[in-house]
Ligand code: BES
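Just one chain follows, in the form predicted alone, and it is written as structure tokens.
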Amino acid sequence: MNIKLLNSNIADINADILVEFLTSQELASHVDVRVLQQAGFKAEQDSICFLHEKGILFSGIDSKHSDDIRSATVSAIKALKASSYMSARLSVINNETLSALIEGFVLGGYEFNTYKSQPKEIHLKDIFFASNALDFKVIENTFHDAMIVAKATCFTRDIVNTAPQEMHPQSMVELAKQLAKDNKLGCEILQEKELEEEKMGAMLAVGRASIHGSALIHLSYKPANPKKIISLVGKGLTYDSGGLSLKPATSMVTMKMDKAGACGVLGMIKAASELKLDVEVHAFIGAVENMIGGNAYKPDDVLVSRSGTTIEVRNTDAEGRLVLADVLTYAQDTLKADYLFDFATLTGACMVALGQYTTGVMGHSSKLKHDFSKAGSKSGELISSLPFNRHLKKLLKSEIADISNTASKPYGGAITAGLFLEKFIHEDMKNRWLHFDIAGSAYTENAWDCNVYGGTGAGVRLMSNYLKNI
């Protein structure tokens, strides 16, 4: 599906159907109000109505706010894809909502058909955006940037949705190498031998029972004279069986999504390089598969992390934090960054706290959390802060090691996981680090907003907005 922006009047564009957004107030004075009312169309949010004889698709919106536009656009693209129309045209409402329009069409129209032997044929080929505004250059720049971010989000979704027999740690390494080649990024790979040399005992333990070797991936985007240096860390559990603390069968389905943090970080650096941001970005990924076998790590094991901190294992299904502990330490030891952000499908407890749509953000800096709250509002991603406190930190106490990998009580699980990671953040980075738990927001089995079944690409739009405005 091709999406084009034209410096033209909408009437001068030749397309099969016109898409028009209407509020209930606009409907009341519309030239086609009687026909639309006869069809039962009330311009309610996300409702649609075809007037085939006039070649118009009406989509209802509560307001001209970006969130309403994005959601209504999703309804429109679904209706268009189900029709036999080959092209559509619509007017750009304003520069502020243009990104929402693009996200609605690109992300709402996304499909992952790699494993379909006979994917459904889609007739829709072209969508034309019309604008002859005096500030067309500004609109053109917004269109360009929004398309980059939307495509990077789809890139992320594709990796998340790829089946685990194909997307294991070593194939993630190859994918990262290809991205580095395509986008002219720096690329460094640490395989198990190098991981042993770096004394990354926690990460190596998690992947020990897999036939696929674990790897640390480091991609770098380095523009001239960057404003800031940002380190992004992603949890790349290409599959999580739970290890010897085996997940129930029903909980194991969808665990290909446990790599969504790593996939998101790849999408973020892809977007940053294509947007040509004047911010230096480093992506650090721990690519690991948590499986079972005779050499699997066990509850009661004591692991020695890269930092030298010893970790008592109480549950092998709390594996992501073990991988991140070593990758976070490596990232800090090898690069002096201004900010450090990690993304991980870390805890089901985050979904209990915030629901399945919202990313949990944790850290010590109120300013950073506020900045990301604004980026979330502008990008359309839902985030909410979960507070650290010293009483929950006590639950990670171990009698035989420096720290336990799970809390002694089943309360505040998302926060205690964040506090575990905080143990591995250097003192000078405490106020320059945030942890994003995307366990709920990274994958969905029910469509919502511009997210269809499968990976959502959580974090890519959020981080792209933050980096553009840093």
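In this text, residue numbers run from 1 along the sequence as written. A quick note: this is a predicted structure, and the numbers were derived from the prediction, not measured.
Another form exists, predicted in complex with this ligand; not displayed. Remarks below refer to it.
- A heavy atom within 4.5 Å of this ligand in the predicted bound form is found for one listed residue only; from 328, 107, 346, 80, this is 346.
- Between this ligand and the residues 381, 280, 317, 145, the one pair within 4.5 Å by heavy atoms in the predicted bound form involves 317.
- Contact annotation for residue 406: at least one heavy atom lies within 4.5 Å of this ligand in the predicted bound form.
- Residue contact with this ligand in the predicted bound form: residue 351 places a heavy atom within 4.5 Å of it.
- Although the partner is absent from this view, residue 227 stays clear of this ligand in the predicted bound form, with no non-hydrogen atom inside 4.5 angstroms.
- Residue contact with this ligand in the predicted bound form: residue 439 places a heavy atom within 4.5 Å of it.
- Only one of 372 to 380, 252 to 260, 190 to 198, 208 to 216 lies within 4.5 Å of this ligand in the predicted bound form by heavy atoms, and it is 252 to 260.
- Annotation: in the predicted bound form, residues 235, 240 and 321 each come within 4.5 Å of this ligand through at least one heavy atom.
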